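What follows is one chain in structure tokens, specifically the form predicted on its own.
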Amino acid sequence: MKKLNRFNFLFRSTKGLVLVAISLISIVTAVWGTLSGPMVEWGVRDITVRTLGMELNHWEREGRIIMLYHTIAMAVLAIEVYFITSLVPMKKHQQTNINATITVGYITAMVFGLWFAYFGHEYIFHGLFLVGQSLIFFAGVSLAVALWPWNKEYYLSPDSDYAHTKSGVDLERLAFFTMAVLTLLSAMWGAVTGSYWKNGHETFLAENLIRNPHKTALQKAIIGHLHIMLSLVAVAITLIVGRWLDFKGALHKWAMYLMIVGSITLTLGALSVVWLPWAHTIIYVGSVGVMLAALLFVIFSWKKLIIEGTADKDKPTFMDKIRALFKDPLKFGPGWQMVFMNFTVSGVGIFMAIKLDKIFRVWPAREERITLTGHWHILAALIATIIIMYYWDISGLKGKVRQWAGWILIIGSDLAFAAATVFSMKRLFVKEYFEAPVVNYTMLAMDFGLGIILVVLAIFLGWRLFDLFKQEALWKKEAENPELEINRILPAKPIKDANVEMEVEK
């Protein structure tokens, strides 16, 4: 029975499912991270390859990298799905089926995908990898069905503070539904293109085609696919943290309209790069909508933190408001990372698009490739930090541990991302002959920032692992008391039918 309780916690509770996914991602990152970077120069890669029996043929490098990225991305998608099924009202059997399906799917895809790519090409493993992806897709369809916003059971009351239409349709639920449907569409886009492999389509890395003036329709389709999937992952985490921090009011209504319209426009633009030469204009319009929605969330969340932090003061001073804003790094962090993203991702991307021909195409191709690769790596890592912040919050980190962990995560990640941005754009302010100091210091800052984050995350995962071996522990309380599953202040949103069976943790 004790083992069954642990199994229930790890594979049936939201926090347990997220813990398993983060642990698997961490293991893959730790092991496969030894195959590149300074680990190659230090000889660590050779040790890993010999110990695990990997087969690393250089002509298969692109395929291996693509498989690795897909396995990690699918685990991240699973984490976001777990958050959504725990935060958005739905029937309990729907939550259970969705979580179970996507769990089996991403683990199957991760295990057999990496097995196929790195340990000999047994094609039955590639087939199982596709089975895992199919299960993930089916879980996405089930999630879209569960999120159907026109189900009157989930309509909001007319006086609700949350965004809704005159008829009562929950606009936030509509935004989640839109994101889910667009993600399914974008996944199909990549799957159909992949089905043409060896029949007009060859494996490639998008950053290797930047100077190729003639791209095939299938290559353009893959480029659009990878861009929009990462963008929709960002949309999903924005909606999740908005739900977490109880985003509501007038700003919430405007944000949801902007998010819905922006997501649709952004997706159509990214997918239409196959046939429209001006598709990037559509992408820019959609991006503005999504970014404005995120900005409205930042304004609301920071204002809320200031109001709550100065509630005991009649006339709070400016410094009182600053202290209140910085009091809780885990709740301040998501908004700050979204603001910081404009300096390391959005701003760089816009500047690069405007000055592409005048500046970046004059650089050596390697420099432009570095900038593009760093661009989406930083965005993916920023999303990961926000996921960690939310998970640490629902895991009950408090006191000094919460402060230290939160600020190390924020400062360490921002130091690494800022250094990566300077490294990628170094040709703007230093000539190649004098770039050595810039390269050395920025690489050191990146390694230090990311390294300290990994250390803190390892300590957290070690604590949770140690907790699993204790008899009277946190995992047991969480497994035996479903009401402790999500420790959020946010109450259930009012609906017209109070008797509907929902999985809403209070």
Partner chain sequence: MRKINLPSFVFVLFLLSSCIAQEFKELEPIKYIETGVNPSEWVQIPAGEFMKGQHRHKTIIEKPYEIMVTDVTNEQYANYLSEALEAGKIKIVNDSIMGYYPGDPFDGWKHEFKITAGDKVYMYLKEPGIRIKYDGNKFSVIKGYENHPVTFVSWFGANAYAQFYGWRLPSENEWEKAARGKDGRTFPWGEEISPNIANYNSSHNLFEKIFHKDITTTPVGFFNGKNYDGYQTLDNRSPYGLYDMAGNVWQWCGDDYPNMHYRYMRGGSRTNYEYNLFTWARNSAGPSFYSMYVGFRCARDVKPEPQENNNQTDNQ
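Positions refer to the first chain, counted from 1. It should be emphasised that the depicted structure is a prediction, and the values quoted were computed from it without experimental measurement.
The following text describes the form predicted in complex with the partner chain, which does not appear among the structures shown.
Participant: Only one of 248, 427, 126, 331 has a non-hydrogen atom within 4.5 angstroms of the partner chain in the predicted complex; which is it?
Facilitator: Exactly one residue meets the criterion: 427.
Participant: Which of these residues, 313, 121, 303, 211, gets a heavy atom within 4.5 Å of the partner chain in the predicted complex?
Facilitator: Exactly one listed residue reaches within 4.5 Å, namely 211.
Participant: Is every one of 115, 141 and 308 within 4.5 Å of the partner chain in the predicted complex, counting heavy atoms?
Facilitator: Judged in the predicted complex, none of 115, 141 and 308 sits within 4.5 Å of the partner chain.
Participant: Using a 4.5 Å heavy atom cut-off, which stretch among 26-34, 469-477, 437-445, 455-463 contacts the partner chain in the predicted complex?
Facilitator: Among the candidates, contact is made by 437-445.
Participant: Can you check whether residue 203 is within 4.5 Å of the partner chain in the predicted complex, heavy atom basis?
Facilitator: Yes, residue 203 is a contact residue.
Participant: Using a 4.5 angstroms cut-off on non-hydrogen atoms, would residue 362 count as touching the partner chain in the predicted complex?
Facilitator: Yes, residue 362 lies within 4.5 Å of the partner chain in the predicted complex.
Participant: When the contact criterion is heavy atoms within 4.5 Å, does residue 58 count as touching the partner chain in the predicted complex?
Facilitator: Result yes; residue 58 sits at the interface with the partner chain in the predicted complex.
Participant: Any of the heavy atoms of residue 431 lying within 4.5 Å of the partner chain in the predicted complex?
Facilitator: Flag for residue 431 set to yes.
Participant: Going by heavy atoms, what in 327-358 lies within 4.5 angstroms of the partner chain in the predicted complex?
Facilitator: The stretch 327-358, when checked against the partner chain in the predicted complex, contributes 356, 357 at the 4.5 Å heavy-atom cut-off.
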